[in-house]
Structures are given as structure tokens and as C-alpha cells.
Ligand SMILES: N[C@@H](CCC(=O)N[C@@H](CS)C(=O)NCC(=O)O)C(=O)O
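This document starts with one chain, in the form predicted on its own, laid out as C-alpha cells.
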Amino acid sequence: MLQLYDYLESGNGYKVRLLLTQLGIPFERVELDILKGETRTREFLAKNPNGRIPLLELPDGTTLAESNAIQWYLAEGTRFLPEDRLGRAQVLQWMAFEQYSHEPFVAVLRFWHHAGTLAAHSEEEIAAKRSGGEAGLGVMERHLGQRPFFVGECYSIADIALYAYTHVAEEGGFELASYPAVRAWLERVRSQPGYVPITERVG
């Protein structure tokens, strides 16, 4: 059986957890508390030298790290990844956008709130994260104003990648009321078969 090394509050872990659930693939979830340094143990670093979750361990012991790489592996040959060359490239485009123009801002501010470390950061740092997050949300708003999902007419791993931290963006102080197309898309994602909330213990 697949093993998913995970932290329940993590949006990156949630991406994989949600996809596995929607694919109906059984897995065992191994909870590691990142706030207690449980991903920095010698045992875990032997599996993932980068010391981060999520990490997927296959039945033969092979491990795969990085949430979007894991999603791509799991989505191959399924409805979550387009068959055509351009569609696949567009999915990858939005997954790269999530990693470079969304997660470093929206997810980081949320983490600072959750970890109780917001006060340790300067007003300038916080403002820069907020500005970057709002810019990313603005790009999403304009794109989703013209289509139901990020690529074509179908729900894909591009949507899962961006949903993970967008739907909890308000936990980082972002106001989603200004992004009606994003909010409508969030509802479409929630209506997908097999949907589970971020804090639901599955696996």
C-alpha cells in the first residue's frame, strides 16, 4: 500500500491527499508534525533529504517528494491530466505558477499565522507577502472569469494545486470577497466527486 508522509494542516500534503481520495486509491497516512521537527529526524531524512512533506512511498520502497510531482505521477492516465500535449503543458504552467507566484505568499502568510510567528516578521515582510499573494489571486480571478477550471473545461490537478492554499487564504489574512470568480471556482472544486476537506483524516 502507498504511504503518504503528511501534516494535516499542510496545503501541500492536502493536494496529494485529495487526489488520492478522488482517485479511490487506498493509502496509509503517516502524520509528521513539522512544528516539532518530525521531518528532520535521521529516519525521515534518509527517505527525503530535503526534510519536507508530503512524501509518497511506493510499495517497493521508492519515494517521491514535492507535492506537484507526486500529483503528476498519480494523475498519469486519469481524467485529472489532459491527454493532449498543449493541455498537459497548460496544467504544468499553472502548477509552476502555484509554486512561484502563489504558494510563497499565500501559504507562507497562513503558516506565520498558524505557527504564531507573525510578530517575528517586519511590517515590510508581511506587506510584501500580502502584495504578492494579492497579485497571484488577481491573475487567477482574471483567468477564471472566462472559464470554469484552469485548463479547458475540466477539473484537473492544476485546480487541485491551486485550490489547496487558495481555499484557506483567509487564514492568512487574505480577503476573498474581492475575487468573485475565484470564490465561484472554489465552490466548483468542492462539488467534485470524492472531495474531502483539508482537515479530514483520510487514509
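Bear in mind that the values here come from a model prediction, so they are computed numbers and not experimental data. Residue indices: 1-based, along the sequence shown.
Another form, the form predicted in complex with the ligand, is not on view; read the next lines as being about it.
- Looking at M140, you'd find every heavy atom of it more than 4.5 angstroms from the ligand in the model of the complex.
- Looking at I34, you'd find a heavy atom of it within 4.5 angstroms of the ligand in the model of the complex.
- Among heavy atoms of R147, none comes within 4.5 Å of the ligand in the model of the complex.
- Interface membership of G152, defined by any non-hydrogen atom within 4.5 Å of the ligand in the model of the complex, is ruled out.
- Within 4.5 Å of the ligand in the model of the complex, a heavy atom is found for not a single one of H102, S131 and V168.
- Partner contacts here mean any heavy atom within 4.5 Å of the ligand in the model of the complex, and among 171-179, 22-30, 153-161, 38-46 they occur only in 38-46.
- Annotation for 171-186: no interface residues with the ligand in the model of the complex [heavy atom within 4.5 Å].
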